[in-house]
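Here are two versions of the same chain, shown separately as structure tokens and labelled structure 1 and structure 2.
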Structure 1
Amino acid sequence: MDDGVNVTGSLRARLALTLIGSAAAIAVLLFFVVRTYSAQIAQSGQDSILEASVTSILDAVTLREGDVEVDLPYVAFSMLSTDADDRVFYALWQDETLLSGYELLPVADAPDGGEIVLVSAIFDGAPVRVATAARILVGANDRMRVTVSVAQTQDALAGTLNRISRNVGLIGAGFFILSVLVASWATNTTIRPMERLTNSITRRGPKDLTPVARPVPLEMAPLVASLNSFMARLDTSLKQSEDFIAEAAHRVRTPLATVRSHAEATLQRVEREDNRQALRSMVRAIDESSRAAGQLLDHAMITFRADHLETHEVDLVELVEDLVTRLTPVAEMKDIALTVVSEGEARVEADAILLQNALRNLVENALKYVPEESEITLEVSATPRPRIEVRDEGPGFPPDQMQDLAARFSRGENAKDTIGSGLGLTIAKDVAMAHGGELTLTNMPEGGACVTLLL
């Protein structure tokens, strides 16, 4: 993936496949279980009828004057009639002698007590079910064994089983489709808390490291607890870093100011040109370090306030005019005019301190690069979006570096000889983003740079 995450598969797909595969296995098992049970019930019904037929024939057999007589009852065969017109076969044996019926009909070895034996066989090219029973007839001087077998083809049974199989198959298919829908619903329901957690964290700002307070399922509790612990440690580490930077910047600026004052005083007393040049370089380095320390302090303050943004109604025109009033003495030293252009009030919900800090950095940047006796224009507008444009008459931005100039500590090639830390545009960009806006850099056609702070 583009995010560099090592992915081994989809949990949603794995869960869905597990549920659907289980449903398919259950549907197949259900089909065979129901079909087997239905076949046993249907076979049991046919067997009961065959047993009744054999019993009725066997009851009709009598022994008279040493001869076996039987009047085949009509009901013995009529009860075997089916919708499929199954064929019926029978055989009546006296000991080893066929008295009536089909000689080749398979006859099972049945006990003499009239117990019925049921077997399946092939007769006349068709599968048949054969019921066989035997009885001992005793006369005055005779004793003989009579065996009766009745067989019936299984076309009706096969048709019944086919209908049962079709109905069970339809029921199984319906069960499978319902299981797929239930699996899809169960999968979405199971995954949804993870998606909500993901969306909740994704919607957070880059500085929001507050613990996850959204209720989560029991199984996700260890993950969320670990995530909260990690964010707490990270938040502590970031705050310590910001505090260190702010403290370091604060402690550096004071001795730098002392060193600068001593360097300037010494510069007034030194007469040799090489020594004076060295002192000027020292003052320049001190100014650059002091400005960098100040901007580091500003950046740390902005980072903290952006994480805990407190907005109030702010009039951008009034804020810009107040800033221009305070920076005018600095601008007048270079004969630079600061001009405010507006179309009336432009009120927004914002943090006034952050906006003022961002604008001060933009104007100070412009003051560093514009030539003497030029103009810096600050235009305030409320439509279509609240924005402040800072335009100057300087050299502008290097076109090939413009997209990277707002990065931290980034400076253009035309700024090598100018004191700076590369944080001014970064501070303005962070303030814009904290207010849901953006910072854009352009060069004007007539020359000069234009920085637009959109809110």
Structure 2
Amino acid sequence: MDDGVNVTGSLRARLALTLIGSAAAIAVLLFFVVRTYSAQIAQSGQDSILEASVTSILDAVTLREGDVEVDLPYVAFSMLSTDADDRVFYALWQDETLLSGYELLPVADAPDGGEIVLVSAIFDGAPVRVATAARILVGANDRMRVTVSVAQTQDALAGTLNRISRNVGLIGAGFFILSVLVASWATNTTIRPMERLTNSITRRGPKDLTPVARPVPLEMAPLVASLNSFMARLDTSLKQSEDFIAEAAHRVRTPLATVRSHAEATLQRVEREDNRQALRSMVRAIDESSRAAGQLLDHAMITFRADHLETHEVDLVELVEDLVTRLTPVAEMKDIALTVVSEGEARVEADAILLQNALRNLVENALKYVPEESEITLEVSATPRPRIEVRDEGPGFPPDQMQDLAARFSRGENAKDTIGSGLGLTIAKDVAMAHGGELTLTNMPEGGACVTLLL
């Protein structure tokens, strides 16, 4: 498909990559944002319980006869129960002395006003969250500062975070997969008009140079416009050269006819054998040239008409019989019988002039390449596809050249002594193809050539 085309990169890949890449980036971003946010929420949940615990203990601190008493409320720790059975630590300080609890527990500096300070720390090898608050107690003759810290490990929090991470991860992955689907769908819709254009141009016949008519997206308009104008120029220059060939052939043929008639007349009068010989080869050369010019003209006409088919309903049987009538005099000179085989009518939509031309070439060939006193059969049938078969009893096509004979100017070995230009089968084939059919050459087992024109 891209034979000989210099390809770098792919629009589809670039588009898909951009879309999928940004989807992946968004998914990752989403994951981290949601996770961070939920971590904060989860942490603030733990913090508020720790705060309540510290407050309840601080409230239970009293001064009795100069002694600090703490009637630790049961609820202060029972509110710290978690699903993951988190460990709980606490410390009660009076100024710089430990009243009770865990001496090594890291304690934050808390302001005197009872405001609670929260810090994260490591205690006994485990990450903990520590809430600390302090209170000033004023006794009869002294002032003291009581500090309360409550800490809790973060197992339940970690569990919650893992659960959230897993869920957010799943959501992110789902979002990403959806994005990939959307990206591939978007890429395909974007690329599709281009594929459609490519298809419609690939499917065109070799001679179809008409402008692209189907609507295309805005972005492709410049490309299609320049393609159209390019094809228009190509079409014009092709037509010009065909016209030129036709004109040239026509201009050559008329003077050649004059030269030939003069040469014939002279041949009647000349006695000397070598002069007669020269004149005969001259006549033959003129015939060759004239034949070539005629065939070139026909070929040009057919190429032109193939682009602008003028189809009507044609009865193939009638067409063949017409042709036979016209060619019978020529056939009789070689004692050749022209037989038509058919089963009633065979009506098709076709360009009659082109078909006549093609058929004439086929029958001319048969007349040219078969010995005298033989039979040429033209068989017409309408089913399964309309077809005309021209069979003769001659030597058949040279087997090793068979596939090339329909090419332009190609002549077989058996044609050395006959006049011809090598365009007859080309014309017949072009006509068949212009009608969406084909031309096949075969040799029959009992001898003789068979040409099938399939429509």
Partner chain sequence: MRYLVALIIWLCPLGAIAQEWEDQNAFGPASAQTTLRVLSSTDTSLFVPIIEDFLQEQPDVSIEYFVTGTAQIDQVFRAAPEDFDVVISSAMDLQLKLVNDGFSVKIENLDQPQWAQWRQSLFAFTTEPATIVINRAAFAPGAVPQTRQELIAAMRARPDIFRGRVGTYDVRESGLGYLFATQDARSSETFWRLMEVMGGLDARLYCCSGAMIDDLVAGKLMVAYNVLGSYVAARDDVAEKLEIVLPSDFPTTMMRTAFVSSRTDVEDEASAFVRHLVEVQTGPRNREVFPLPPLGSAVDGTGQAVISLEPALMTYLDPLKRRTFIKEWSSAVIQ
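By rigid core we mean the largest C-alpha set that fits within 1.5 Å across both forms. All values derive from a computational prediction rather than experimental measurement. Residues are numbered by position in structure 1's sequence, first residue being 1.
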Between the first and the second structure, which is the form predicted on its own? 1
On a core-based superposition, does residue 274 travel 2 Å or more at its Cα between the two structures? no
Superposing on the rigid core, is the Cα displacement of residue 52 between the two structures 2 Å or more? yes
Comparing between the two structures on the rigid core: C-alpha of residue 125 shifted by 2 Å or more? no
Please report, in Å, how much the Cα atom of residue 41 moves between the two structures when the rigid core is superposed. 3.1
